[in-house]
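First, one chain by itself: the form predicted on its own, in structure tokens.
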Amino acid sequence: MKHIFSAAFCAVLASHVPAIQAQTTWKLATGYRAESFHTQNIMQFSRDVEQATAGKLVIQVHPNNTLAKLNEVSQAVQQGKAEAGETIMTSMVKEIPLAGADSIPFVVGSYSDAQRLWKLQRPGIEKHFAERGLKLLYAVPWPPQGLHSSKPIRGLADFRGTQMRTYNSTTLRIAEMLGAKPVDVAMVDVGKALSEGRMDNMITSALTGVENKVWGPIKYYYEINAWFPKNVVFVSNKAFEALKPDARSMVLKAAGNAELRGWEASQALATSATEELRANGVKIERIPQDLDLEIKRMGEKFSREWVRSVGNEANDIFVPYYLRP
């Protein structure tokens, strides 16, 4: 009787081995905090995939640089240290110049503009990803970059002589074109720089303004929507192709839902952050029409220069973008 029970137990155990072996686990690396709305969206994507595949594909999310630093995520996936990853697209500019469309200022003015730009940009990004053994899943923008200022801005003359925070080549160039004095200030030092009077204005999102509690020194916020930087989520093509066709379809469906959900979350967050600035005494205003036109001319100049530097494939983005407003 004892032997019969043991044989039966072994048979049951053996019947479960294929199911255990059939489970696939992906490690997904991201440099952002677990609390970030991007990371929260990825976690929901992970849950959706696990549910859709009945647990056969599990995506383990590793946030906050724990598996790979933000600027090294794409290399980590290409090298097999992780199966999937998320990074800000502009971190890939040296490797994929086309990703730089995200950082060209004063071109997109709304979420609908940003979506249209992404539809034009996506085929080229997918092509470059594929050449590097990567499969693009989805992209989601951060809230748009606005203008924070300690004084009212009515025209270009109001920038001259002011101290403008800069943190990369684009913001440095903007400050110079506006006649402002560039001040290199890391985001963690923004509050201190404002309290010490070392900066008068900066271009960053309302969300960043809220996170740094800029009210007090900052009196005005202008919704200029300077640019919409996007985070991109991708997977090793080798890992993706190793899935069965139905599982691949489920991953892509979940990715599509994550993109839609992420864009909606970004827009909601932009609105709530702007309202929080207002609630803390910051005046929310639109820049005058004349200044808006000047800024748009600057955007056209930036985009022309970018197209010349990137080459013909950049025309596939901006020619149709400007032809259909």
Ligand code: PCA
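In this text, rigid core is short for the largest set of C-alphas that superpose within 1.5 Å between two forms. Start at 1 with the first residue shown and count on from there. Please read these numbers as outputs of a predicted model, since none were measured by experiment.
From this point on, the text means the form predicted together with the named molecule, which you will not see here.
- At least one heavy atom of Ile88 is located within 4.5 Å of the named molecule in the predicted bound form.
- Put simply, Ser74 is far from the named molecule in the predicted bound form: not one heavy atom of it is within 4.5 Å.
- Trp26 falls outside the set of residues with a heavy atom inside 4.5 Å of the named molecule in the predicted bound form.
- Among residues of the shown chain, Leu156 is not one whose heavy atoms approach the named molecule to within 4.5 Å in the predicted bound form.
- For the options Phe106, Trp118, Trp142, Phe234, the residue carrying a heavy atom within 4.5 angstroms of the named molecule in the predicted bound form is Trp142.
- This chain lacks the partner; the member of Gln78, Gln163, Thr208, Ser150 within 4.5 angstroms of the named molecule in the predicted bound form by a non-hydrogen atom is Thr208.
- Judged by heavy atoms within 4.5 Å of the named molecule in the predicted bound form, the contact stretch among the candidates 173 to 181, 93 to 101, 199 to 207, 123 to 131 is 199 to 207.
- Annotation for 301 to 319: no interface residues with the named molecule in the predicted bound form [heavy atom within 4.5 Å].
- With the core superposed, Ala186 shows a C-alpha displacement of at least 2 Å between this form and the one not shown.
- Thr171 shows a C-alpha shift of 2 Å or greater between this form and the one not shown [criterion: core-superposed Cα displacement of 2 Å].
- Pro105 shows a C-alpha shift below 2 Å between this form and the one not shown [criterion: core-superposed Cα displacement of 2 Å].
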